[in-house]
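Here's a solo chain for you in structure tokens, the form predicted on its own.
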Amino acid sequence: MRLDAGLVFLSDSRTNAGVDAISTARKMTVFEEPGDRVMVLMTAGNLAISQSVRQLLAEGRDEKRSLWTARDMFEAATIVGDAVRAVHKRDAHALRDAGIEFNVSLIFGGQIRGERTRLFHIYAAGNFVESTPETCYFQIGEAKYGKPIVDRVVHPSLPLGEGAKCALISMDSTLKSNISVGLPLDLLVYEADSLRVTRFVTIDEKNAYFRMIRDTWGQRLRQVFGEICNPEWDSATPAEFPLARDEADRWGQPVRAKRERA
């Protein structure tokens, strides 16, 4: 998330190639020069591709054009895209011959001294889009289960603490519904203009705050569900929120199959 107050990053650490081949790998990498720049890379997709991209970026410390020398975040995002294309050039043909798709997706964000915080979604082709006030967050990987809460809650003026809480609730919803996502989680909350990492935590099943979120969110969802009135089918009884209309029209009947007779 890119909020007015800073950035929120959250990643899980489960990788799998089937229900019997589950492993753990960190998906968040931090590039930091305190006082000058903080950049965060999160990856999804093929783990071998992700690790190759990350290694190319990390080894660029002594290169003239690298994340450590980029003048602004746009140039840094371009460098990440170039690393994706370099891995594609090296591996895509062999992967295609093996019947494997070149599948990688990245979230990249941070701040370089002298400019604002910025956030990018980088695709497998190496191109990217940047977050806007209208779309101030990105999700990659298994996103559909946790997306509704983020869509309803997140806006640029949201405080960082609430952004982190929303991200954790969103991730818990995904953990509940999809086995391909799992603990531990990496949470990094970056305060704009601090130019250093100050708020980072790895969350496992013993984390007291995350356990509280999991229990409370489930209880409150059931509570709110119970407080919403059931649909009223009896037209003779006035309902505050009627489900069915009084008048019968062509939309008021189901589509019925006709029995064909010889």
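So that there is no doubt, residue numbering starts at 1 and follows the sequence shown. Since we're looking at a predicted model, the values are computed, not measured.
Form predicted together with a further copy of the same chain: not shown, discussed below.
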{"property": "4.5 Å heavy atom contact, R222 and a further copy of the same chain in the model of the complex", "result": "yes"}
{"property": "Distance check, S173 to a further copy of the same chain in the model of the complex, heavy atom within 4.5 Å", "result": "yes"}
{"property": "Exercise: A164 in contact with a further copy of the same chain in the model of the complex, heavy atom 4.5 Å", "result": "yes"}
{"property": "Partner contact for K89 in the model of the complex: a further copy of the same chain, 4.5 angstroms, heavy atom", "result": "no"}
{"property": "Stretch in contact, per heavy atom within 4.5 angstroms of a further copy of the same chain in the model of the complex, of 138 to 146, 99 to 107, 79 to 87, 122 to 130", "result": "138 to 146"}
{"property": "Interface residues of 63 to 91 toward a further copy of the same chain, as seen in the model of the complex [heavy atoms, 4.5 Å]", "result": "E63, W68, T69"}
